[in-house]
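Given as structure tokens, the chain that follows is alone and in the form predicted alone.
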């Protein structure tokens, strides 16, 4: 039972990371209708920037803040100079372009920081929490990750549902022509969506980096999991990204604990296929209706 609890809590932590990356994909899809596979490459670059700042200053917090700023700027750069021009001429080509950006960013990371595996220093003790004299299979770092993700999700929910900016972003995504006629600057709202997605992806990267070894391609498997979460939850549903992200993290953690870690991509693929067969629009998505 203790072993199961350990896998369960570990899965929640992993699931939060998947949820954040999936949330970044959802934010971009909602704002511009593009699945940005370059998101993982952007997260990789921001992690290297955070690591460089942390090693030079000794401050993990400063590295995190720098990474978040870099994530926003990188998201805007990719959207303005790559995805927007491509999408105007060929909407389907934006998907291919995002793959190209991913490969380019990984190449830049290899050139600037080399392709060697690097350890990302732990900012908090990786020791079990002790409550009432009992050691929980949950570390301080796991708790910090959970709190940071929860605060971000609450902020995004407030932004989209309680502010004029969030309303303008949703209007720009659902009906850009009507939004323009209503005075909404659609281009700015789309850029804001990409910037927010870059910030979310950067946070996810910095949070997961201490749990693995950092290299230009070390986050590729996260792309598989994040894409699975986004599709299964519904590509337009932030709630789905969070809920299915945690669910997927728990499932994959149990698979790793009771079988082997090499089985996790196959399980993720199975979840994706089952979802596409049973509910193509996603667990939290809405089936499109057509008037005749």
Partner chain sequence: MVVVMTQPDLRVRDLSVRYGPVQAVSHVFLEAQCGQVTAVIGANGAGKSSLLRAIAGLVRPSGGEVHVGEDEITGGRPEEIVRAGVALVPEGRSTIPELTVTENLVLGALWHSRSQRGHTLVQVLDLFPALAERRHAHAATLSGGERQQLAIGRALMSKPKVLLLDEPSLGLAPMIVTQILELIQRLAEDTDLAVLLVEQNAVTALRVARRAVVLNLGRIVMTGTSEEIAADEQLRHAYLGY
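Residue numbers count along the first chain shown, from 1. What you see is a predicted model; the values in this text were computed from it and never measured.
Omitted from view is the form predicted together with the partner chain, to which the following refers.
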Query raised in the report: Which residue among 82, 103, 171, 140 has a heavy atom within 4.5 angstroms of the partner chain in the predicted bound form?
Result: 171
Report summary line: Interface check vs the partner chain in the predicted bound form: of 156, 207, 94, 184, the one with a heavy atom inside 4.5 Å is 184
Query raised in the report: So in the predicted bound form, does any heavy atom of residue 164 sit within 4.5 Å of the partner chain?
Result: yes
Report task. Would you please decide whether residue 180 lies within 4.5 angstroms of the partner chain in the predicted bound form, comparing each non-hydrogen atom pair? Result -> yes
Report task. Determine whether any heavy atom of residue 175 comes within 4.5 Å of a heavy atom of the partner chain in the predicted bound form, and answer yes or no. Result -> yes
Report summary line: Among 67-75, 184-192, 147-155, 109-117, the stretch whose residues bring a heavy atom within 4.5 Å of the partner chain in the predicted bound form is 184-192
Report task. Scan 37-55 and note down the residues that get a heavy atom within 4.5 Å of the partner chain in the predicted bound form; none is a fine answer too. Result -> none
